[in-house]
Ligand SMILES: Nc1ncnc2c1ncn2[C@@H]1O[C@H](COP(=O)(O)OP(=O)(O)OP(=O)(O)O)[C@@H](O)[C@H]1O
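So this first bit is one chain, no partners, the form predicted on its own, shown in structure tokens.
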Amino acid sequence: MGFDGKNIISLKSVCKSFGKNEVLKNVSLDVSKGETLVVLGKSGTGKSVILQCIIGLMKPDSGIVEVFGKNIFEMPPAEFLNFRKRTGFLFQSGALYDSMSIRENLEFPLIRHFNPGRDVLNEKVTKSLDEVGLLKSIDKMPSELSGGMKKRAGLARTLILEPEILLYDEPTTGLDPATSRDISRLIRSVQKERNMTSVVVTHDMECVRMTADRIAVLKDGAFTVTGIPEEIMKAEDEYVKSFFN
């Protein structure tokens, strides 16, 4: 089932607190189909909480989260499961299963959701690993991979279900500069090749420059400014300028 609207993701007046700590304060945001939106902000400003609300891992205290034109927290179980199949999430660590080989890690979501035959499994696993440049590591264990390779393997596992939306939580954290650039290029190429809608949460400025169609700057749980990179770079706000200087 496709989506015909312009905004594939919409957050409307979303608030989220943990005890007395108000993390998101009346946050509203739209993400257009096929664009890469980068949520930029310092640690602890609520960036990852936004992603968890979008994917349905965390329910806001108030406000609405719409994906594919529907409030995800009002979906019946079967519809919510279908929404989750269409929405990929790349965790900071890659979140691979340590006891499974890379091949088995990629096979797992396919078997769980579709249970295809061996030929289909092999074809899809090979294609996904080849797309992220990791085909030669297909039978290695996660413990044998570098940090950057684990990120690639996690991305391949996410891509294997062919999601329409991909959410990235600090995709370059803990990586050396060269590997960070490789991951950023990969994010961009995947988005272009698949016309995928992406939301990237990061404070890595090189990742921002390489991936963003549009930037939303988060400060103390609220967006201070949103716009295309050229506009954001010229902003007079001192907090925004601190990232680019």
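Don't overthink the numbering: it's just position in the shown sequence, from 1. Keep in mind the model is a prediction, meaning the values are calculated, not measured.
Only in words, not in the display: the form predicted in complex with the named molecule, which the text now covers.
* Asked: Which listed residue (Gln92, Asn82, Ser137, Asn122) meets the criterion of a heavy atom within 4.5 Å of the named molecule in the predicted bound form?
  -> Here the answer is residue option Gln92.
* Asked: Though the named molecule is not shown, can you say which of Leu186, Val31, Ile55, Val49 has a heavy atom within 4.5 Å of it in the predicted bound form?
  -> Only one listed residue qualifies here, and that residue is Val49.
* Listed range touching the named molecule, judged in the predicted bound form by heavy atoms within 4.5 Å, from 21-29, 233-241, 7-15, 219-227 -> Checking each option against the 4.5 Å cut-off leaves 21-29.
* Hey, in the predicted bound form, is Lys59 touching the named molecule, heavy atoms inside 4.5 Å? -> Lys59: no contact with the named molecule in the predicted bound form.
* Examine Arg209 and determine whether its closest non-hydrogen atom to the named molecule in the predicted bound form is within 4.5 angstroms. => It does not: once the named molecule is placed as it appears in the predicted bound form, Arg209 has no heavy atom within 4.5 Å of it.
* Asked: Using heavy atoms and a 4.5 Å limit, would one call Asn195 a contact residue for the named molecule in the predicted bound form?
  -> The answer is no: Asn195 has no heavy atom within 4.5 Å of the named molecule.
* To do: Considering only heavy atoms, tell me if Arg214 and the named molecule come within 4.5 Å of each other in the predicted bound form.
  => The answer is no: Arg214 has no heavy atom within 4.5 Å of the named molecule.
* Taking the named molecule in the predicted bound form, which residues along 154-175 bring a heavy atom to within 4.5 Å of it? -> Sequence-ordered list has one entry, Glu170.
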